[in-house]
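Only one chain comes next, encoded as structure tokens, the form predicted alone.
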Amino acid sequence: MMELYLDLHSQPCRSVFLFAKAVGIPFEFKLVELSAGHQYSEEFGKINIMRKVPVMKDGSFVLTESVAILKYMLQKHSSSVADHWYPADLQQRACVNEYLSWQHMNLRAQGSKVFLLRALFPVIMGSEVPKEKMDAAVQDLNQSLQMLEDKFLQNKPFIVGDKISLADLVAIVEIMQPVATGLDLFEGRPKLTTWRERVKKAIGEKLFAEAHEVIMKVGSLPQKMENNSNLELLKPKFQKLFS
């Protein structure tokens, strides 16, 4: 059986988990608890030298990037996965790929930055985030959300037409990351709010809640990390990211 190495605090892990569950792809869940430093273990290093999740292991074949994992699972199980997830139509598929390419350096990058600043910066750096740095990060994120609405959603039910695709799945998990810190990104955005409800319904509200249960309790993460011996390893990374 395929193995998925995941921590559902991670947005890409949630997209892989949600897709596999939603379409009925069997897998063994292998927890890699990032807050406990499991990614630095010798055992995990043999599976992924980059020490990141998600990781998919299918027999002896290993993939370490979420979008590649999503497409692999979809194409391997194409006979049982509905076409709307990654349409066979050339232009519709191109639109899914366009969003997946855009989001890395936009919604994903900016949502992750806001999450890290709000949830982890104080515990790792031992100080509060400077207000101007936080305000700038939130402003950048709001610009990406506006682009999601204006360029990708427009007046459609989903990013690519009338049904959910990988693009919607990847988008929603990224938005939920800063939302979990108490930042209401849907306030004043009725189009985005309606789209979120459609996505939850298409995935299944129970499954959506299951996937996001851990991240919605992110307030307890700093306490878990306080006694983590690997905490010092993160300080140089945060200094580089947020200097």
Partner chain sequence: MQGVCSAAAAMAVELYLDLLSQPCRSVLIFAKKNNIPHEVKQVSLMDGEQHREDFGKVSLIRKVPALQDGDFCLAESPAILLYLARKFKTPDHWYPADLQQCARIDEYLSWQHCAIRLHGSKVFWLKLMIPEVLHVEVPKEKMDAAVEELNGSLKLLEEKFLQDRPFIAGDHISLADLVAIVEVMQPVAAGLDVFGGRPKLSAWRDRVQAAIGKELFDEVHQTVMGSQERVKVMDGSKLEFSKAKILKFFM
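Residue numbers count along the first chain shown, from 1. A quick note: this is a predicted structure, and the numbers were derived from the prediction, not measured.
There is another form of the same protein, the form predicted in complex with the partner chain; it is not shown, and what comes next is about it.
- Contact check for Val123, Leu185 and His212: none of the three has a heavy atom within 4.5 Å of the partner chain in the predicted complex.
- With the partner chain left out of view, the stretch that reaches within 4.5 Å of it through heavy atoms in the predicted complex is, among 32-40, 46-54, 212-220, 188-196, 46-54.
- In the predicted complex, the partner chain lies farther than 4.5 Å from every heavy atom of Phe158.
- Within this chain, Glu205 is remote from the site of the partner chain in the predicted complex, having no heavy atom within 4.5 Å.
- Although the partner is absent here, Ala94 lies within 4.5 Å of the partner chain in the predicted complex, judged by heavy atoms.
- In the predicted complex, the partner chain lies within 4.5 Å of some heavy atom of Lys76.
- With contact defined as any non-hydrogen atom lying within 4.5 angstroms of the partner chain in the predicted complex, the contacting residues in 53-69 are Phe61, Val62, Leu63, Thr64, Glu65, Val67, Ala68, given in sequence order.
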